[in-house]
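Encoded as structure tokens, the following chain is the form predicted alone, with no partner shown.
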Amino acid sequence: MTGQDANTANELYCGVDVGASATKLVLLDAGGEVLARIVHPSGIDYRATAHRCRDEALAAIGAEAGRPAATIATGYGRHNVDFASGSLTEIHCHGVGCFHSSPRAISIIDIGGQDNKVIRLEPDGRRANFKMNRKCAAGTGAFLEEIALRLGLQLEELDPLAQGADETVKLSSFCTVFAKTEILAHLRQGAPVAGIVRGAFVSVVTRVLEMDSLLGDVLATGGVVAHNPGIVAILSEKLGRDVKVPPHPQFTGALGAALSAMSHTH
């Protein structure tokens, strides 16, 4: 092995997905193996949070800052990542990250903190179509955060309540403001909290399913999916077929960014 080959073999590739709610970072070695995953709330300083994620990832593997051969940033705050060598859209990076684990024709549902995406990939990984909802909180993690706040619950309490509910209390509005008003009326009428939470989950799924038709295998990703398996169960129930979840579903965008950093370098 030449000195140049040895240096190439030791290179790292970094992907940073700066979402409105959380920043995710994935670090790969030259063979494409994941060495580190880091996630933190994005907060109000996207640049500082991206630096924190990178520094923690490098410290976790014993590497020094600045060592990655290339870094691609994606997501809402991708232009705030000053150490990135380039940036790509989250649509592209989620597609690359999902196709890495499921290399076939797939429909991707990504439910994030502030937006939803439906992405259709061809059998060779090329993007055939996509839809994105980012103009309101309907069907997003922000919707569930508001419901939890209204019910006096922690976010981690939502999924077990929804999965253990004996009934579903229907919420007729996707709008966060109107749904909160509806919840007050249901509580006044004595509706069970668990049923209201399950109704909120069904509302999220219904909003996503209205965005586009879902052909072939369906893959669900995003922070909402990672923390609420009940959402995936309801998706499967509504579609009448199993919805799959890739490993570490909150990191698919960051993984796609890191893989793109590697492919752009070679």
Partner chain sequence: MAEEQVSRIKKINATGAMKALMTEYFQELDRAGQDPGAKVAWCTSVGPAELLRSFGFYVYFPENHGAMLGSSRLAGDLIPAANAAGYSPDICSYLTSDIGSYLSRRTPLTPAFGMAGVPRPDLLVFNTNQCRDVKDWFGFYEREFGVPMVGIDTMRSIETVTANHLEGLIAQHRALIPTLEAVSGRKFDLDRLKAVVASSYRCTRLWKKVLRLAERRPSPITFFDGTIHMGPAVVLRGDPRAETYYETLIAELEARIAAGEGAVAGETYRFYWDGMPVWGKLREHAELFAGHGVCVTASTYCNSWIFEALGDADPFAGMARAYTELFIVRGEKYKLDYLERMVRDYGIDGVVYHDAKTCPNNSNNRYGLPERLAAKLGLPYVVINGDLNDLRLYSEEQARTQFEALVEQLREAGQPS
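Since the model is a prediction, treat every value here as computed from it, not as a measurement. Positions refer to the first chain, counted from 1.
What comes next is about the form predicted in complex with the partner chain, which is not displayed.
Counting heavy atoms only and using a 4.5 Å cut-off, do 78, 81 and 92 all touch the partner chain in the model of the complex? So, yes: the whole triplet contacts the partner chain.
- Exactly one of 147, 171, 88, 106 has a non-hydrogen atom within 4.5 Å of the partner chain in the model of the complex; which residue is it? It is 88.
Going by heavy atom distances of 4.5 angstroms or less, which of 155, 193, 132, 175 would be at the interface with the partner chain in the model of the complex? Residue within 4.5 Å of the partner: 132.
* Though only this chain appears here, would residue 151 touch the partner chain in the model of the complex if you measure heavy atom gaps against 4.5 Å? -> No, no contact at 4.5 Å.
Query - Partner proximity in the model of the complex: residue 115 to the partner chain, non-hydrogen atom cutoff 4.5 Å - result: Because a heavy atom of residue 115 falls inside 4.5 Å of the partner chain in the model of the complex, the answer is yes.
Find out whether any non-hydrogen atom of residue 128 is located within 4.5 angstroms of the partner chain in the model of the complex, and reply yes or no.
Yes, residue 128 lies within 4.5 Å of the partner chain in the model of the complex.
TODO: Heavy atoms, 4.5 Å, the partner chain in the model of the complex: which of 162-170, 98-106, 178-186, 120-128 makes the cut? Say which one.
DONE: Selected stretch: 120-128.
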